[in-house]
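Just one chain follows, in the form predicted on its own, and it is written as structure tokens.
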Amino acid sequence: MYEGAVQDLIDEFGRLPGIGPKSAQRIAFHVLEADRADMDRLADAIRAVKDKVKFCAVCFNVSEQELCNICRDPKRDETVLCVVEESKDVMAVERTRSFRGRYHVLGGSINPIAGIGPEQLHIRELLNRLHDDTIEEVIIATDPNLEGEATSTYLARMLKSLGIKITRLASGLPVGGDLEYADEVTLGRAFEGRRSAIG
């Protein structure tokens, strides 16, 4: 245990996701040893994010305006909607340059253990978006884990009656991976999602 401000800083860094006690201590001492101007810029950047960034009124992606860049872009395909868990997932899909539709960010996934049910997610808003007959396909792009699968199954059952095409991202083996190291679920998905090797 360190005194006052140092321990407070370590404790605060330790509350961040993916930061354990050792990493929190390392980061705190980096802050102590770093140039004052660099740390002022970091503090200003954190304040600016909290002051300026909000969620898009339509898709719930992060934005500094009422609507995010994607919702404002008239070149995006309004007939296809990709449903993701978090804003970081939007960026992951955008990096592929394979999708030109619009998004809907749920704000998480169904996780009863953590007390997160459908009511805590932006599912009601998703349903509202689907009632204007513009959207022809919903791509469910939740994480391939237990919570993501539960969310995907819930959404697929809920949206089935709307007469909209509902698809799920394919999943399987990563390029460069070895079969012997693949878990059963991933390998099973790879078999389900197989395609022709000719043409």
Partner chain sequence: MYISHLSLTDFRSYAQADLELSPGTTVLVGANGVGKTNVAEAIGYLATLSSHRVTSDAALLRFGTERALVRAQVVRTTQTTSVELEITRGKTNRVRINRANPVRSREILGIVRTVLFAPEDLSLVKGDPSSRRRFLDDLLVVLQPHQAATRSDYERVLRQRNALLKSARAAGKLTSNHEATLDVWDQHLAQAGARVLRGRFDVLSQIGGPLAAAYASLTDGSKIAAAHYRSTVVSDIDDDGDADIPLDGPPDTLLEATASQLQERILAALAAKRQQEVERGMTLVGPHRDELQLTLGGVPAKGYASHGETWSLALSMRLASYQAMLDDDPRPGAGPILILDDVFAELDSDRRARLAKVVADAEQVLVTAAVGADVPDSLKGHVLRVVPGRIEPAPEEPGA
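From a predicted model like this one, the values you see are computed outputs, not experimental measurements. Residue numbers count along the first chain shown, from 1.
Only in words, not in the display: the form predicted in complex with the partner chain, which the text now covers.
S.K.: Would I139 show up as a contact with the partner chain in the model of the complex if we use heavy atoms at 4.5 Å?
M.R.: Because no heavy atom of I139 falls inside 4.5 Å of the partner chain in the model of the complex, the answer is no.
S.K.: Report whether the minimum heavy atom distance between V185 and the partner chain in the model of the complex is within 4.5 Å.
M.R.: Heavy-atom contact with the partner chain at 4.5 Å: present for V185.
S.K.: Do T153 and the partner chain come within 4.5 Å of each other in the model of the complex, heavy atoms counted?
M.R.: Judged by the heavy-atom cut-off of 4.5 Å, T153 is in contact with the partner chain in the model of the complex.
S.K.: My question is simply whether N111 lines the interface with the partner chain in the model of the complex - judged by any non-hydrogen atom within 4.5 Å.
M.R.: Yes - in the model of the complex, heavy atoms of N111 and the partner chain come within 4.5 Å of each other.
S.K.: Considering the partner chain in the model of the complex, which of M39, L162, L146, I46 comes within 4.5 Å of it through any heavy atom?
M.R.: Only one option qualifies, and that one is L146.
S.K.: Among the candidate residues K52, R26, H131, R157, which is the single one with a non-hydrogen atom no more than 4.5 Å from the partner chain in the model of the complex?
M.R.: After the contact test, the surviving option is R157.
S.K.: Using a 4.5 Å heavy atom cut-off, indicate which stretch of 86-94, 114-122, 99-107, 67-75 touches the partner chain in the model of the complex.
M.R.: The contacting stretch is 114-122.
S.K.: Scan 1-36 and note down the residues that get a heavy atom within 4.5 Å of the partner chain in the model of the complex; none is a fine answer too.
M.R.: If the 4.5 Å heavy-atom criterion is applied to the partner chain in the model of the complex, 1-36 yields nothing.
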